[in-house]
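Take a look at this single chain in C-alpha cells; it is the form predicted on its own.
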Amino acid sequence: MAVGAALVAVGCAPLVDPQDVVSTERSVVDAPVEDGGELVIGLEDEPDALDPTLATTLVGRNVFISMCEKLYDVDADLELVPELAADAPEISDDGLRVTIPLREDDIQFNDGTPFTAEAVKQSLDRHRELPGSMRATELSAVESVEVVDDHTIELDLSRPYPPLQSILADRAGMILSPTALDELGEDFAQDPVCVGPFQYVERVAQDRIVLERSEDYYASDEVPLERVVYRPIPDDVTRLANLRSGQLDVVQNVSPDDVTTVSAEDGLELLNQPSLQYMGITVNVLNADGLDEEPRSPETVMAEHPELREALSLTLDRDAINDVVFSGLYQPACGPIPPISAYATEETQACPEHDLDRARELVAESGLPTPIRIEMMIPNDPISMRLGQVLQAMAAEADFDLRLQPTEFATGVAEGRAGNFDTYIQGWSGRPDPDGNIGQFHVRGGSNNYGGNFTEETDELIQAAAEETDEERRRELYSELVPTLRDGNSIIYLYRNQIYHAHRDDTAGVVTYPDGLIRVVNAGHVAGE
C-alpha cells in the first residue's frame, strides 16, 4: 500500500535558486512511450462524489479529466477548443440563443450507449435542475435546452452570457451516460459512466480509485495505458516519498519545501505552470444556517463588523507570507482574476498595503474589548498549519486572537456549506473566464458562496460584467467590480499557487496546463526503460 511506504534516502541535489524554478515553466516531458501498463497518481486529498453535477473539488476534477469528456476543453494557452462539441457555439445576434453542433463520428459512452443530442440535453438539464447541484449557478442563465436534431442542441438564455462556452469546458459540460443515469439517478457517483479514455472500475474510500482503458472510447487506439490508479495521500512528505520509492508514478502538488530539490533530483521530472488558482480567508457573513437556507448573519464579530474584516486584511503582509510559508515559490494575491487572464488590469491586481497602524485604529473603532477572538477553520496539512501560524502572529499585532481549527479536507467542505465556521481558509482552482472565479462566490445563492455575502451593488456588477460582449468594456467592469469585492472583505485573498506536479523519469506524456489538471490520455512508461 503506497500510503505507508517507508521514506527513501534522497540523493544529493545541487543548490537551486527558487526564482529560477519559478521562471522555468514546463507542461510536459515528451518521449516515446510503450503500450500498456499502469500509472499510479498520488492526489493531495480524497475526491468528493464522482458525480459531475454534485462535485466541488479540484482533486475530483483530476479524476474526471480521465473519464468524463466535456463539450469543450482548454488547450495549453487556455483557449477553448471543441471536445464532444464539433465546433464553437453559434450565438444569435441578441445573445439569447446558443446553438452547439455535436460530434457525429460514432461517439459512444463507456457503457456502449450512443452519444446523442438527447443525451446532452438530459445531462445539461440534470446539471441545472437536480436539487443540490453545484452546477446550477454556473448554468443559471440557461432557461431551456432543446434538441434540434441528433447532433445539434440549442440553449435559450434569459440573458446574454459570454462565459457559457468556458463553463461548458468544465463539469457543467460533462455529458453522462443516459443509461447510467436512468439506472442510478442520484447515485450516479457509485458507478459513473461518461465518454472518456478511461472507465470507472472501483473506488475504495481513503485508498484508491481505479480506472481502466475504455474500448468504447473513440480514440482508444491512441491511449497507451491500460489502467490509472488514483491514491489520496494528503501528507506532502509521504506523497513525495512514495514517488521516490516508485510506488507512485505521478504526484499532484509538490510541497514548496521540496520544489527546488525535486527540480534538480535524478529520477524525477518537475512540471511547472502558472495557475488560475487563489487561496483566501472566507468570512461567514450571512451563512448562519447553510447554503440552502435564507441568508442570515451568524452574529459573530467578523460578520457584524466590516471594519474588523478590513483590519484583519491590513495585518497581512502577503509578501512575507509567500516567503515564509511558500519559500517565495507562489505569488501574493488580492483578487480572483489571475495575472495571466486577458481581464487582468492594474485595478484587479492591486493589493492593500500592509498597514498595522490603520488595522489597530479599525479595531479600536469597533469598540469591542480586545483581543478580538476569531475562529479559523483550516486544512490540517502541515503547510496549511504553517500558514495558519503565520496568520496568527500577524493578526496578533493588531489585537486579534486567531484560533485555528484544523479540519480534514472533505469535512471542511461540508462544514463550509453548512455555515459552521467563523472564518475558513479555502481556495479555488480557477477558471479561464473571470465569471467562473467570481459569480458563484459572491452572488446571492451562489453554489460556492460559503460566506453567504452579497450586496445588490455587487450582484448587479457581476451580472453586468458576465453579460457584456465587448471585451474592453468587460475589462472595465471587472476593474470596477474587483476593488469593490476586495473592500468588502467577505473573501480576504491571500496568495496564488504556482502548479508544481512531478513524475518519475521513466514516465512521459503527463500534461499539465494552468488549470492544474493532470492529463494522462497520452501518457505512459518510456519505451525501452
Partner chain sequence: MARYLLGRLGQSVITLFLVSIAIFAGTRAMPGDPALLLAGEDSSQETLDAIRERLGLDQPLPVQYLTWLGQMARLDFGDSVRTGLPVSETILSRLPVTLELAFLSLLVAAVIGILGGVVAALRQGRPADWIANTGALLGMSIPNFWLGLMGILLFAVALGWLPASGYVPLGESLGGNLASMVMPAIVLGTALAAVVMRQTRSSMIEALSSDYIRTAHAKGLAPAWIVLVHALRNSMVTVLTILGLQLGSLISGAVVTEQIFVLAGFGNLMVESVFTRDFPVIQATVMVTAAAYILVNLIVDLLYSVVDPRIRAQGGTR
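If you superpose the two forms and keep the largest set of C-alpha atoms that fall within 1.5 Å, you have the rigid core. Only a predicted model underlies this, so the values are computations on that prediction, with no experimental measurement involved. Numbering follows the first chain given and starts at 1.
Omitted from view is the form predicted together with its partner chain, to which the following refers.
Engineer: Indicate whether the candidate residues Ala342, Thr348 and Ser384 are all in contact with its partner chain in the predicted complex, with contact defined as any heavy atom within 4.5 Å.
Structural biologist: No, because Ala342, Thr348 and Ser384 lack any heavy atom that approaches its partner chain to within 4.5 Å in the predicted complex.
Engineer: Quick check for you: of 173-181, 114-122, 96-104, 204-212, which stretch puts a non-hydrogen atom within 4.5 Å of its partner chain in the predicted complex?
Structural biologist: After filtering at 4.5 Å, what remains is 204-212.
Engineer: So which of Pro89, Pro306, Pro234, Pro82 gets a non-hydrogen atom within 4.5 Å of its partner chain in the predicted complex?
Structural biologist: Partner contact (heavy atom, 4.5 Å) among the options: Pro234.
Engineer: If the cut-off is 4.5 angstroms on heavy atoms, which of these, Val324, Ala410, Leu404, Leu368, is the one near its partner chain in the predicted complex?
Structural biologist: For this set of options, the contacting one is Ala410.
Engineer: So in the predicted complex, does Ser158 come within 4.5 Å of its partner chain, heavy atom to heavy atom?
Structural biologist: Result no; Ser158 lies far from its partner chain in the predicted complex.
Engineer: Examine Glu69 and determine whether its closest non-hydrogen atom to its partner chain in the predicted complex is within 4.5 angstroms.
Structural biologist: Looking in the predicted complex, residue contacts with its partner chain do not include Glu69, since no heavy atom lies within 4.5 Å.
Engineer: Hey, in the predicted complex, is Val28 touching its partner chain, heavy atoms inside 4.5 Å?
Structural biologist: No.
Engineer: Using 4.5 Å between non-hydrogen atoms, is Gly488 touching its partner chain in the predicted complex?
Structural biologist: No, Gly488 is distant from the partner.
Engineer: Relative to its partner chain in the predicted complex, which residues of 104-137 have a heavy atom no more than 4.5 Å away?
Structural biologist: Pro131, Gly132, Ser133, Met134, Thr137, in sequence order.
Engineer: After superposing the rigid core, is the C-alpha displacement of Glu293 2 Å or more between this form and the one not shown?
Structural biologist: The answer is yes; the displacement is at least 2 Å.
Engineer: For Thr99, decide whether the Cα shift between this form and the one not shown is 2 Å or greater, given a superposition on the rigid core.
Structural biologist: After core superposition, the C-alpha of Thr99 moves less than 2 Å between this form and the one not shown.
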